[in-house]
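Shown next as structure tokens: one chain only, the form predicted on its own.
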Amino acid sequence: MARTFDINIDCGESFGNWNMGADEALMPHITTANMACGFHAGDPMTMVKTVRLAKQHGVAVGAHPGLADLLGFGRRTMALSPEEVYADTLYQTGALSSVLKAHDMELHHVKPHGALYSMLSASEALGEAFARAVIEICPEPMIYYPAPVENHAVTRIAADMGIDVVPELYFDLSYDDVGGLILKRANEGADLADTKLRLARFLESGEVLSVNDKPVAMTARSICLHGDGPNAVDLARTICDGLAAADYTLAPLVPTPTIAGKAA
């Protein structure tokens, strides 16, 4: 059986006359798109345009809901109740689902953005509210989250609720010694030569190197690229070439139902 891998990007983040990300140039190199839904970035025209672009390239589309913070790009923590997280997730993802339906497409997954991601990682109550919303709006419930997924409250809860949790790997961010992502205020891009080595190491041994050169075991089913990185397109090509050299083909993920956190 042919081995496949998924590459996803955060996209649809332009707003009005403000353009962000290399969505058009990246689409031929990816399989899955995380679409901004208007709270932290994006607008209706951008959403429609980006959905059409994804359909043109056979790219699966998921929702990328965030906090209602356009000025801060959804990266500033807010005090939200579980019911607010539930409602905000339904509201944003519902808008994208309607656009997808109009283009004969179906919502593929949901992936939280920015500070919302951090809040869901820390709070079981917020994580449960988010997971409930995903189950109610996603035809085959699936969420994307940075590996290792056992480090996050929401992913543990989601798996127990039967949601397929997809662990992601990043090459435009660094890892600490326990596998946590080291987040930066601005995306500085990736060292392409280093990316080749890191990808080969992961594919061969299931490990990544931390910023202190410590090997960290990692399981991932998708690689995430930030579309606003200064060399995002070159990074995508580098990863595609590395996967091809290891005899992988690119394809969107098919949801894997879970029972009590285990694959069915």
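Note that this is a predicted model, so its numbers are computed, not measured. Note that residue numbering follows the sequence shown and begins at 1.
Not on display, but discussed next: the form predicted together with another copy of the chain.
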As a check of understanding, the residue in I223, M47, V59, L26 with any heavy atom within 4.5 Å of another copy of the chain in the model of the complex should be identified as M47
Original post:
Would you say all of A41, D88 and E136 touch another copy of the chain in the model of the complex, counting a heavy atom within 4.5 Å as a touch?
Top reply: yes
Only one of 151-159, 121-129, 136-144, 175-183 has residues with a heavy atom within 4.5 Å of another copy of the chain in the model of the complex, and that stretch is 136-144
* Indicate whether L250 is a 4.5 Å heavy atom neighbour of another copy of the chain in the model of the complex. => no
Is A22 close enough to another copy of the chain in the model of the complex to count, meaning some heavy atom within 4.5 Å?
no
Proximity of F73 to another copy of the chain in the model of the complex, heavy atoms at 4.5 Å
yes
Note to self: Test of understanding: in the model of the complex, would D69 fall inside 4.5 Å of another copy of the chain by heavy atoms?
What the structure shows: yes
Contact check, 11-33 vs another copy of the chain in the model of the complex, heavy atom within 4.5 Å, ordered by sequence, gives E13, S14, F15, G16, N17, W18, N19, M20
